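First comes one chain, alone, set out as structure tokens in the form predicted alone.
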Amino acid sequence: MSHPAIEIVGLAKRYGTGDAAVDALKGVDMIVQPGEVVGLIGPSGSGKSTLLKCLGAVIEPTAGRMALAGETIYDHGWKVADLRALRRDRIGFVFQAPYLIPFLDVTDNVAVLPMLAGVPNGRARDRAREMLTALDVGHRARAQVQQLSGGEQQRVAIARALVNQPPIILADEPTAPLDSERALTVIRILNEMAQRFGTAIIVVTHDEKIIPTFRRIYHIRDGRTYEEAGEARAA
């Protein structure tokens, strides 16, 4: 039996103690299947960033359980010894800004993650070029970051997130700096890559241009999630 790519049960996060305590998450439940792209929306301060940081093993929750592909990674405490390796090998990140390394060319910006995972340099670069080609920026493989358009930079950032073929990708406002056409192109690419590689993708967004493209949406309000079915249309 296949497992959900992401399963979150009763996840809570409290900052501070006593009268100064703030409950950023109050029992979040979420399931995302392999190959699925899910939207996460909510007002500022609702807990979106905290949820992504917990799921990305950047901060530790206070309570609850998280599992990736059937393996429990958190259950009232971390169940994984090496969180760095977890983030590197099993979780891809796409941010509002591409955060590409300016002194590396496009290929090495993508190859750096498999290199850090111990993949030989030549094979890591081959893998990077394959991913760049899949994202229609293979012709820019030897370009410098500053030579790329904003849309090309975001495609390279997506290639970097996908290069180790993680089971999940967390995308935090990935279309915010883009115009409507490029924003919809990024979402189309994420959907294509999710289907191709079986990757589960959570997209945090305020971008009204892309919200109608999600088949499922989780709203987060006051630290709790509420699921809504959507009518996706082609990006």
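All of these numbers come straight from a predicted model, not from anything done at the bench. Each residue number is its position in the shown sequence, starting from 1.
Another form exists, predicted in complex with a small molecule; not displayed. Remarks below refer to it.
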Heavy atoms within 4.5 Å of the small molecule in the predicted bound form: does Gly45 have any?
-> yes
Any non-hydrogen atom of Asn191 within 4.5 angstroms of the small molecule in the predicted bound form = no
Tyr15: heavy atom within 4.5 Å of the small molecule in the predicted bound form?
-> yes
Is there a non-hydrogen atom of Ala24 within 4.5 angstroms of a non-hydrogen atom of the small molecule in the predicted bound form?
-> yes
Answer option from Thr185, Ser49, Thr62, Gln33, heavy atom within 4.5 Å of the small molecule in the predicted bound form = Ser49
Among 49-57, 65-73, 174-182, 194-202, which stretch sits within 4.5 Å of the small molecule in the predicted bound form, heavy atoms only?
-> 49-57
